[in-house]
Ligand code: NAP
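Okay, here we've got a single chain as structure tokens, the form predicted alone, with questions on binding and movement later.
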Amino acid sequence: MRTLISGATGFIASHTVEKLLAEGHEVVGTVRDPSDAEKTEFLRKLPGAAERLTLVAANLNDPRAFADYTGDADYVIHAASPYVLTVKDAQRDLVDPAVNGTLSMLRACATSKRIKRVVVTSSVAAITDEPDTSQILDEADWNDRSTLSRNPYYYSKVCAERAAWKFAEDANPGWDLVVINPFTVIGPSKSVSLNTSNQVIADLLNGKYPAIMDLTLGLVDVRDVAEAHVQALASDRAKGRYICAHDLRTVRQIAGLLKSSGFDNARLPSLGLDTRLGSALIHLAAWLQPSGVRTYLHSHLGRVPRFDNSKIREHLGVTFRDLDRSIVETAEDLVRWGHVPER
């Protein structure tokens, strides 16, 4: 089997490349610059990469970015997409690359008679903008609140995924589309690059959280997300969207776990502002933060996401690893890469 995966150096994608190689796939991975050894060498060192990994160049905003790479692919994973909370121009820096990259890939795939399935990496951001504690989210839910000014990253994921489903419906290609919607993805990284999700753990350890805030995160290990992508490629039951999340943890729980796991010398927050009054103070202070951070805090403080992950467990056979262990392994990995001080 030959699988094309975009954004191969990314946090989720690099773990997915490793799993594909382990299962015997020939893998073609798109990156910005295959000749940039500093950013690609870690992929070339993966087991099986020397024999079955080819890296090629692609730019998300190029309408023909993937046109030369889909012809001999059996399966495609489109994982490339920008992930930052604050940008200067949300349309240019988030929405356009996300939508254009997705459509570029799908248009290229539509010309192939060989491709059996396309798996797109979306996000829970396409499902909800502001968690409602009274609602249990499932794959039928869509985020209809985000805009270019309100949680613009979330908006980019909504736009890109809706564009993917509309294209699949209108073009009626010979392959079927499956979408994976992960919550906050943590876990060991394949490279020194620090992704936005793991940045949360790094910021906690580095003292960048001034206090314990009333934030509850839906979390999932990157290795489980990669497994979901690989299983989605060929499973006979794979269909539609899949919420990919394991469980919830509050900032207080994460900080307490890290402290009890040997990170007690880290600059973990201790001041408790995870109360109604504390949230009100942070809500006011958030106006001094960059726009992306501000809108995230305003829409997530004091809110507890609830979700149903039964579909991904039943259809794709995903079994989630111990979440507390994933948090600790994330912290240990951040030390290994030099993002946080030694314990």
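Since this is a predicted model, take the numbers as computed values, not measurements. Numbers for residues come from their place in the sequence shown, where the first is 1.
Form predicted together with the ligand: not shown, discussed below.
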Legend entry - Interface residue in the model of the complex among 215, 185, 99, 233, criterion: non-hydrogen atom within 4.5 angstroms of the ligand: 185
Inset, instruction - Quick one: from 241, 157, 246, 249, grab the residue that has a heavy atom within 4.5 Å of the ligand in the model of the complex. - result: 157
Legend entry - Stretch in contact in the model of the complex with the ligand, which is absent here, among 7-15, 315-323, 20-28, 328-336 (heavy atoms within 4.5 Å): 7-15
Inset, instruction - Tell me whether 39, 58 and 122, taken together, all sit within 4.5 Å of the ligand in the model of the complex, counting heavy atoms only. - result: yes
Legend entry - Contact test in the model of the complex: residue 64 vs the ligand, heavy atoms, 4.5 Å: no
Legend entry - Contact flag, residue 269 vs the ligand in the model of the complex, heavy atom cut 4.5 Å: no
Inset, instruction - Report yes if any heavy atom of residue 128 sits within 4.5 Å of a heavy atom of the ligand in the model of the complex; otherwise report no. - result: no
Legend entry - residue 201: touches the ligand in the model of the complex, heavy atom cutoff 4.5 angstroms: no
